[in-house]
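Just one chain is shown here, as C-alpha cells, and it is the form predicted alone.
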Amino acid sequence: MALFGKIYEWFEVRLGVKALVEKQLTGYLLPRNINFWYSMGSILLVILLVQVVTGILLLIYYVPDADKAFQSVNSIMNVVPYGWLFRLIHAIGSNMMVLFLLLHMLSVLFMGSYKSPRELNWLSGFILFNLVLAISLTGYLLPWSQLSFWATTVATNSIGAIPYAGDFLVEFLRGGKLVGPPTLGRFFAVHVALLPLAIAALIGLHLFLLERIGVSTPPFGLSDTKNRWQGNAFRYEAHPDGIPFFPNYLLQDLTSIALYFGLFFAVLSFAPTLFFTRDAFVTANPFQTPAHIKPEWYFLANYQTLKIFPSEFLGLLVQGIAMTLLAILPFLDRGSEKHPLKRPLFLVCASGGIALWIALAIWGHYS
C-alpha cells in the first residue's frame, strides 16, 4: 500500500490528480431538474466501447476476401469459442447504437437543448449520427451474404440518380461497375479504420463543446422555461445551486446503463435473430437476386421514399432537403422558449415528422 501511495503522490505532484478529479466529478455541477434523458450520452459511450472491443475480437478471425469472408463469419459463429456471442453482440449493438442515437437527438429536440449557444453541439451530434449510419452501412456488407450483397447493391444504385456525378460516385464506392471484391475491400477499410477515427474525433469535439459551454437546463418543472443566453460574449452556463455529477448523477447514469443492458441482453437471449433475415445466412451470389431485399430498419423510410417518387433523384432531393433542414434547425429556430408544450408549431412539425418517418418505415417493411 505504501508503494501505491508513493506512486499516487508522484503523479499528484506532476498532474494535480486530486484537483482534476474533484473538478470533473464532485465539482462538476448539473441542473437540479436533470432527468433520465441526459443519460443517453453515457449509454452511447458504453455501446461504442462494446462495439470497439467486439469489433477487434471479430477482426482476429474475419477474412476481408470475397472468397473467404462468408466462410470466416460462418467459422466465427460455429467454430470459434464464443464467437457466435461476440458476433451477435456486435450486430445487435450496431442497431442499438442507432436506436439510442435517435432517442438522444429526440430528447435534445424536445428539450430545446440545441438552441443558442449550442449550435455546434447539435451540428457535431448530427454529423456523428450520419457517421454511425455510414459505419453501419459499411459493416453490413462485410459478412458477404446474400442479404448484405444485394442490400449494398440497392443502396449504392440509388446514388447513381445524382445528376452528373452519380455514375462516378457509384463506381468510386464500389471500386468498379458492380458490387464485387473491390467493394468489400473498400468497405472494410472504411469500416475498421476511416470511420472509427472520424467518430472518435467527433465524439471528442462533442464532449469538449459540452464541457466548455455547460449542460443545458431541462425546461421541465420550471416556471421560467426560456433560453436565457444572449449577447456576443462567451459565457459558461454554470449551475451553482446544482447537484454534483459524482455521486448524485453518476448513480442515475449507472442505473440507465444497467437498464440498457437489461434490454440488450433480453434481445440477445430471446430474439437473437431479430435483425437478421433468412438471406443473411446464405453466401452472396451475384447471379441470383433474392425476391425481397430490404435495408436495415433505420433505412426503411429512405428506401420507401425512393419508391414513392417517379424518379430516384426526386426521392434523394426530398431526403437531402429534410436532412439539411434538420442540420440547420438551431439557425432556423431562434425563439427563446424551450418547453415543447409552449412551442405548438414546433410540436406539430416534430410530431408530424416522427409519425411520417415511422409510417414510411412500416410501409417500406411491408411493401
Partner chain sequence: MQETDRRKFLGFAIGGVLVAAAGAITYPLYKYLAPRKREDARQKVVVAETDVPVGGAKFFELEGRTAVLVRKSGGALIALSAVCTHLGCVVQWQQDKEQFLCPCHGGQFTADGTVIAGPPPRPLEIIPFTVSNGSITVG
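Numbering follows the first chain given and starts at 1. The shown structure was predicted, so the numbers you read here are calculated from the model rather than taken from an experiment.
In what follows, reference is made to the form predicted in complex with the partner chain, a form of this protein that is not presented.
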{"item": "Listed residue (Leu300, Leu58, Leu306, Leu44) with a non-hydrogen atom within 4.5 angstroms of the partner chain in the predicted bound form", "value": "Leu58"}
{"item": "Listed residue that, although the partner chain is not shown, lies within 4.5 Å of it in the predicted bound form (heavy atoms), from Phe110, Phe86, Trp144, Tyr249", "value": "Phe86"}
{"item": "One stretch from 36-44, 337-345, 50-58, 307-315 that, in the predicted bound form, holds residues within 4.5 Å of the partner chain by heavy atom", "value": "50-58"}
{"item": "The partner chain contact in the predicted bound form: Tyr236, any heavy atom under 4.5 Å", "value": "no"}
{"item": "is_contact(Phe172, the partner chain) in the predicted bound form, heavy atom dist at most 4.5 Å", "value": "no"}
{"item": "The partner chain contact at Gly231 in the predicted bound form, heavy atom, 4.5 Å", "value": "no"}
{"item": "In the predicted bound form, Val80 touching the partner chain (heavy atom, 4.5 Å)", "value": "yes"}
